[in-house]
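Next up is one chain by itself, shown in structure tokens, the form predicted alone.
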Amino acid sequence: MTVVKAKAEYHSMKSQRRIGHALAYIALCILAIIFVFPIFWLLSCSLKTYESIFMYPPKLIQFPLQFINYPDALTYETFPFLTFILNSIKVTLVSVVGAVLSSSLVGYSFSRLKWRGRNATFMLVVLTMIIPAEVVITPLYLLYNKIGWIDTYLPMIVPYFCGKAFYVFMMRQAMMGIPIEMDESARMDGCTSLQTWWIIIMPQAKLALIAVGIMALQDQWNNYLEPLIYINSQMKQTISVGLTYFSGSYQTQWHLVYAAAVLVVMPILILFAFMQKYFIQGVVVSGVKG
């Protein structure tokens, strides 16, 4: 009887586990649909005519598909798409390099070097993350205007070379998980602190570096407020602000806006699709040590 009862309990637990897994999968599928639907709707609207976008009831897919929207968006008279894209690529790539180098160097100082006031300074850096960017935009504008940086890319690029707080936090946490004996061995071999950072620590923290690079790329590529505030010339604008130039004298060409938005979003989605494994691992590694 005991064996029969144990088997019954085992099968009951197994059934409950299967039900739990099934419910979890159903919940995940529902969430996936919720998160993917805006992307699908963006793609759908990019293949519609202007009039069909505002049809009621709306249709998910409107035939015939208007693939002509994409070349029309690229050649729209008030929308120099390639110029805006090149501006965004230039600003984004330089910013990513700055974010990776500065955050790793500052994170190395906070995690590996011993100096007076290190922990207090790190807490101060972390506390700056609670300050909204909109709060400091006015004093920063006055400062940049004073030194002649308005209508240049410097106000958007230079902060990435100064160690942004969240990136520094991630790199510090990741480097805390690297054995300190590696630093000691490097110093015994005659390496300076900078050489230890570059030769020993950087390769060990590559996952966190990839995560920081992806986040910096996304932040700068999608940056809207700063180009809007700091850039005055149309031909210097980035693509995030450039999309607003689809506004005509009488109406906004929404079908072309959607087509251009798809072209802008796709590089980020493709990059994340290929790099998500390393991004997730980098985020996990950054949270190992406290």
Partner chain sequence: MKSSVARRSMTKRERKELREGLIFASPWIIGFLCFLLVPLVYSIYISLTNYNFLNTPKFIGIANYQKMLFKDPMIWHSLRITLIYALVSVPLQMIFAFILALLLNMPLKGVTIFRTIFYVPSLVVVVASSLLWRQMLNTDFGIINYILSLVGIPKVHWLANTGSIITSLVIIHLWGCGRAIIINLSGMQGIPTQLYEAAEIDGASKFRQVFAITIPMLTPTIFLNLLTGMIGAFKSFAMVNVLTQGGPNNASKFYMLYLFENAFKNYRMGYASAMSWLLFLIVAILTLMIFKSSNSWVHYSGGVDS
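Bear in mind the structure is a predicted one, so any value in this text is a computation, not a measurement. Numbering follows the first chain given and starts at 1. C-alpha atoms forming the largest set that superposes within 1.5 Å between two forms make up the rigid core.
Although it is not shown, the form predicted in complex with its partner chain is what the next lines describe.
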Should Thr244 be classed as touching its partner chain in the predicted complex when contacts are defined as heavy atoms within 4.5 Å? yes
_in the predicted complex, Ser102 touching its partner chain (heavy atom, 4.5 Å)_ = yes
Original post:
Closest heavy atom of Ile180 to its partner chain in the predicted complex, within 4.5 Å or not?
Top reply: no
With heavy atoms only and a cut-off of 4.5 Å, decide whether Leu28 touches its partner chain in the predicted complex. yes
Checking Ile199, Leu142, Leu93, Leu86 against its partner chain in the predicted complex, the residue with a non-hydrogen atom inside 4.5 angstroms turns out to be Leu142
Of Met235, Ile68, Leu225, Ile61, the only residue with a heavy atom within 4.5 Å of its partner chain in the predicted complex is Leu225
- 2 Å or more on the CA of Tyr224 between this form and the one not shown, with the rigid core superposed, yes or no? no
Ser240: after superposing the rigid core, is there a C-alpha shift of 2 Å or more between this form and the one not shown? no
Exercise. Superposing on the rigid core, is the CA of Leu263 displaced by 2 Å or more between this form and the one not shown?
Worked result: no
